[in-house]
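Starting off, we have a lone chain in the form predicted on its own, written out as structure tokens.
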């Protein structure tokens, strides 16, 4: 038997599991006591999964390859608008396309823009990519805001169908509904709990597939090259690696995952507008990745969940009158405290990536010689 069982959970991992379990028990208790609507809880689960996808997408770019991308909101918006323009009844250019087909339209749009912005900038150093991506985010948002003949402008796009709307059997179970909290509309889909549950099942499959895919490539030779590029790009080039090609692949993969989050969001809330592309979205995703642990897919998922917990928790506390200040300043204060906590106490993040890079066959299978 090995003297060190590296497959066992660390104390930090046990703590995270314990906290998540306690939070889950609290939410279930809130549903049972009627304090929280079941469909709204499922909506929050879907929103958390969306932020997990955004965080994993950025983690591929920054955590794997060291590329600074400040245009998370842009690629998220391209996915959301790409599918909305093809499916929404209120679309100024199309509408009526099956959401499954429109999914590839949103992803294709994000992939094309990722190549266009990546080709001239990835050959340069990180600072130039950061500047270009920051400008790209605003260009995309302002274009969507002003070109109303193509995007419906500031009015946003309504009439977006549910992802299951044209599916046999499942399509008959779904219809749109608006839920209000504190007088503010929270758009999500429900027929009792059935529709919300279908959305949760869908996004759970998506998140699981993306996570397993990223875990595989992170441990592969491709992932090792990217980690070398992040640490020392000149060394990777000296070893004969085409660093530009590897960085472009990672940039496109990350952008596609962000766009996939946008596609799901569009069919979750049934409404998209330029307001969804605000720079604060990019800021939250960066905080999520750093909080969870740069380069860690599990950490990115945990960070995405934490951001939604802060967003919706502060909204709930202020709407119920539990706190005397507004949700927005409270939210920013808590995020600021999180950043201070990370920098001071956990600069490597809550779940750093080291354990993710160990192949399962090597966990707990050692032998004493």
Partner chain sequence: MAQILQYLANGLVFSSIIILGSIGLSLVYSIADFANFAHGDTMTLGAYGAFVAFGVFGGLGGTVLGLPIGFFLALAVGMALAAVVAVLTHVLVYKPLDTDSIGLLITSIGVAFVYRAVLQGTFGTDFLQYDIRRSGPIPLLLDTLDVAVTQRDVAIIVSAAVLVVGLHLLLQRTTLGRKMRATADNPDLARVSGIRTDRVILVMWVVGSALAAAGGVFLALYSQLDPRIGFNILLVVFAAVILGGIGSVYGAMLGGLLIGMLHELTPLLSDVGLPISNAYAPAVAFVIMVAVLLVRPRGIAGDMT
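Positions refer to the first chain, counted from 1. Remember, predicted model here, so these are calculated numbers, not experimental data.
Only in words, not in the display: the form predicted together with the partner chain, which the text now covers.
Screening 202, 217, 111, 131 for any heavy atom within 4.5 Å of the partner chain in the predicted complex leaves a single hit, 131. Interface residue among 136, 152, 86, 229, judged by heavy atoms within 4.5 Å of the partner chain in the predicted complex: 136. For the chain shown alone, residue 147 is a contact residue for the partner chain in the predicted complex, at least one non-hydrogen atom being within 4.5 angstroms. Taking non-hydrogen atoms only, residue 239 never approaches the partner chain to within 4.5 angstroms in the predicted complex. A residue is said to contact a partner when one of its heavy atoms sits within 4.5 Å of a partner heavy atom; residue 159 fails this definition for the partner chain in the predicted complex, lying far away. Using a 4.5 Å cutoff between non-hydrogen atoms, residue 165 does not count as a contact of the partner chain in the predicted complex. Not one of 51, 97 and 269 is positioned with any heavy atom within 4.5 Å of the partner chain in the predicted complex. Figure note: of the listed segments 202-210, 285-293, 253-261, 221-229, the one touching the partner chain in the predicted complex, with heavy atoms no more than 4.5 Å away, is 285-293.
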